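As a starting point, one isolated chain is supplied in structure tokens, in the form predicted on its own.
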């Protein structure tokens, strides 16, 4: 009887040991993914080849009972870097085209994008009156493009993978969409279009729907850019993580090959997302501006 009890105890200890080993192994895998995914998130330091550089930290500021942290993070740093690059490229291209009537070099390269955005995005969606908004749309396009590309540089980071950054871009787009519509229609026609053009009995239904529609457009811009730029990086990190999970160099060629392929695809996605954000912003601005034109043509 005692031998049976000892056998049961030994078996229970063995099962317990196996369970602990499996749990530790699973936890180790999770820790690997958490550590790898940490590189795609915002952080208070910059990653460099031999460690990291801490960024300035400031104590939170209390504004109307809300604590706001103005500390510089990795995404903020690369956002500033992207802004400086856009400014440098724009100034260099402007000076180049000012000196020569025939665009050359960087001036010619930038002109390709300017002409494309004007002829293929702005004029078809907003008409000739939309050309006045070209500075904003060009800045939006190049700023988003550079921010997307900085994440593909070693030790860089994609600022547009932070929802706060995309939300700020969407808020600016919202202001531009509404201001362009008010400027074109006038405040009276702008408020009248919120009724949907239906009988006043249906106003309690239509007005909330129209007002909600004003906010869903920039919200879609925010989430689309954030999700697309974050998703690609998570896929690359997941592929690289397979090497650490299997713990063998024989598996490495396959994940690395796929990761390189996704990384090349990310170059196209970076350009595509900048184009989509600019195109949709232009389209939403054009919809508000054309309401007035259609009414004038009907009269």
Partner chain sequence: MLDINPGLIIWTIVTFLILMFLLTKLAWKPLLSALEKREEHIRSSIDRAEKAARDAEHQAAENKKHIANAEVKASKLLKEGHELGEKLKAEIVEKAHHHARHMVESAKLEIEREKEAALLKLRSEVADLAIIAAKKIIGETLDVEKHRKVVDSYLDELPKN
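Note that the coordinates shown come from a computational prediction; the quantities given were computed from them, not determined experimentally. Positions refer to the first chain, counted from 1.
The discussion below concerns the form predicted together with its partner chain, not included here.
Interface membership of residue 200, defined by any non-hydrogen atom within 4.5 Å of its partner chain in the predicted complex, is ruled out. In the predicted complex, its partner chain sits within 4.5 Å of a heavy atom belonging to residue 169. Proximity of residue 40 to its partner chain in the predicted complex falls within the 4.5 Å heavy atom cutoff.
Its partner chain in the predicted complex is not approached by residue 246, whose heavy atoms all lie more than 4.5 angstroms from it.
Using a 4.5 Å heavy atom cutoff, 86, 103 and 138 all lie near its partner chain in the predicted complex. With the partner omitted from this view, the residue of 90, 149, 192, 182 that lies near its partner chain in the predicted complex is 90 [heavy atom within 4.5 Å]. Proximity to its partner chain in the predicted complex, taken as heavy atoms within 4.5 Å, picks out 227 to 235 from the listed stretches 227 to 235, 247 to 255, 44 to 52, 263 to 271. Contacts with its partner chain in the predicted complex, taken as any heavy atom within 4.5 Å, map to no residue of 241 to 257.
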